[in-house]
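In the form predicted on its own, a lone chain appears below as structure tokens.
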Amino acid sequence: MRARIRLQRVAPLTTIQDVGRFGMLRHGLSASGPMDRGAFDLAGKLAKASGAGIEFTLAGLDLVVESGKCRIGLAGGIFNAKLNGSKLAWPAAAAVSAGDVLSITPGASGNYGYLRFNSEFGLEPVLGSRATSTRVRLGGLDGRGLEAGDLIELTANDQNHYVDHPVPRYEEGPIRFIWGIHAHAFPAEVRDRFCSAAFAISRRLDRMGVRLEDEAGVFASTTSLSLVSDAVVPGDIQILGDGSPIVLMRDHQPTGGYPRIASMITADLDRFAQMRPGQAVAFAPVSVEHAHRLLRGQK
């Protein structure tokens, strides 16, 4: 199946993503990839797709199929989707062909949604991946976010490479973490309050990091520590010099020089990425072994 799609309306920070660009952190490149890996996998399952897809943000997108036909899968958050004006279920799968118009608008929850196709993008991988990193302008369409008017060519059918992986199920409750390598730098009282206080998702969030509002003042007395910068990973919770907690996400910088009190476990990272500004978030510690069991249970 081949198809050509034109984007008519695009939310800010909408990008092309695949599973990511791994093994490049030592060269200063984060892996990128979908902010919600489980939702990306579900959209792929619905489309029977193994390749890259479009990660769209809160405002959604509109597109028209200019030629050809393909199968699509939609998942992530809760959005409203219409095909030629008729409402689709969410998540959804559908066959589209020339002349069809797909419209996705904001829904009840979530920050990120995924549109995948059972055809591959006509884009060459860069360093082994088509994932877009806008910070270093790598991958996707010239390393940039998608824009209205962009034309996307879908080429070879990737159905032969599709593998039906189980889709993770997300648990509710506090976001779980393991203590970070600098946890000892914080007094025991601060560590206890970190586990009992409620934080809120601020409006200062993107693919690089999510800043938290610390209304309880847990880190109000925190002073900036002099640290040697070293490698960081998605989910690390840094405490900035002004006492602001920030959670590093998929496009994080390669190294950090702020103390990291904790690291969010991988099993909860997708759920956290979908939390909207203003939403309350609480944290609960788990052991490394428990974090591994939770992640294995999602696979």
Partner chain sequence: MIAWPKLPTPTVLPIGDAALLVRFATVVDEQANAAAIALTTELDADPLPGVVELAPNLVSVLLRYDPLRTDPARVAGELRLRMIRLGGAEAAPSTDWVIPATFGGEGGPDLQEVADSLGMTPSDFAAAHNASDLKVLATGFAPGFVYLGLHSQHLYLPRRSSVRAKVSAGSLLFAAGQTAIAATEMPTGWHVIGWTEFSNFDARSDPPTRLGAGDRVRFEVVP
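Numbering follows the first chain given and starts at 1. The structure displayed is predicted, hence computed values, not measured ones.
Below, we refer to the form predicted together with the partner chain, which is not included among the displayed structures.
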Report task. Kindly confirm or deny that 253, 292 and 296 each have some heavy atom within 4.5 angstroms of the partner chain in the predicted bound form. Result -> yes
Report task. Quick one: from 212, 123, 138, 81, grab the residue that has a heavy atom within 4.5 Å of the partner chain in the predicted bound form. Result -> 138
Query raised in the report: Heavy atom within 4.5 Å of the partner chain in the predicted bound form: which of 220, 89, 108, 228?
Result: 228
Requested in this report: Mark residue 236 yes when one of its heavy atoms lies within 4.5 Å of a heavy atom of the partner chain in the predicted bound form, and no otherwise.
Outcome: yes
Query raised in the report: Does at least one non-hydrogen atom of residue 127 fall within 4.5 angstroms of the partner chain in the predicted bound form?
Result: yes
Report task. Although the partner chain is absent from this view, report whether residue 25 comes within 4.5 Å of it in the predicted bound form, heavy atoms only. Result -> yes
Query raised in the report: Taking heavy atoms and a 4.5 Å cut-off, does residue 185 contact the partner chain in the predicted bound form?
Result: no
**Report entry** Interface stretch in the predicted bound form with the partner chain - options 238-246, 41-49, 56-64, 255-263, non-hydrogen atom within 4.5 Å
**Finding:** 255-263
